[in-house]
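Below sits a lone chain in structure tokens, taken as the form predicted alone.
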């Protein structure tokens, strides 16, 4: 990139949501005296009798988990959304507006092994997770009241994850949530203007430049997006223009499992821990409309900043004005590129 931009404050445009981000590369030299995190990696057993997600254990609501061998899905015992509620709406002068929102919340256990993470699972072990994402998206998204299915994973206590057992969640809502709605609008607008897909064009541009590419395989690529907000944020993109996980072929699902394993392994090598993050899939809405402009992708948002100990908070200017970052996407990508995406020895034995 331009040497002036790489050294001095500038702002970058995110065409996927239509917002700007402030980049301040000169601030990477400032000393850090803020909050740090304990990065001692915990040692966990393969099965924890006190874990409410392990096979055969009793959950908080008294239900007993089956002795599952692969993935396991159940309705969240403390769902943020409910599927059977009365319809209601209020609007006072366009200022006090509320309406009922139906939905479903599910939990997906990735493995019966309490001690694993996606980084420590093989691609073959992750494929059933991808298959489960696809099946749940199809089943939940086929319900007439559901407009959007959000598949995501929160990992680590600092990201609000209350249980270290490898698991993710699905929240399905009646209306399209804010961020997917913004992405839908921008992708539609781009296709109407250019006659092509925003993320297809973006990926082709990133591949031609190479400086923000992290890793790729036959069917997927991972980049640090030009407009990244989080310090080591990455964007996982399907190389084929497709709208959702259920559309992926068997070969693509294996490739997706491989790229997830490689990406999370790089993060583990970067931070020296089973790193915390939020990861989520953005698929086309399930509202019954055609969404030809939508391109399947996932976002990884790790909160750690300069090392395994320094946490990044969204505060001050970031909360009140616009997102801001010190580490440029190019320098973050360079660090991730050089890290191994394999382990010296299997971690799941």
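Positions refer to the first chain, counted from 1. Computed from a predicted structure; not experimentally measured.
The following text describes the form predicted in complex with a small molecule, which does not appear among the structures shown.
Every member of the trio 60, 162 and 167 reaches the small molecule in the predicted bound form with some non-hydrogen atom inside 4.5 Å. Using a 4.5 angstroms threshold between heavy atoms, residue 76 counts as touching the small molecule in the predicted bound form. Among heavy atoms of residue 107, some come within 4.5 Å of the small molecule in the predicted bound form. Heavy atoms of residue 255 never reach within 4.5 Å of the small molecule in the predicted bound form, leaving it off the interface. Not displayed here, the small molecule is kept clear of residue 281 by more than 4.5 Å at the level of heavy atoms in the predicted bound form.
The stretch among 76-84, 135-143, 242-250, 197-205 whose residues place heavy atoms within 4.5 Å of the small molecule in the predicted bound form is 76-84.
Among 71, 154, 187, 229, the residue placing a heavy atom within 4.5 Å of the small molecule in the predicted bound form is 154.
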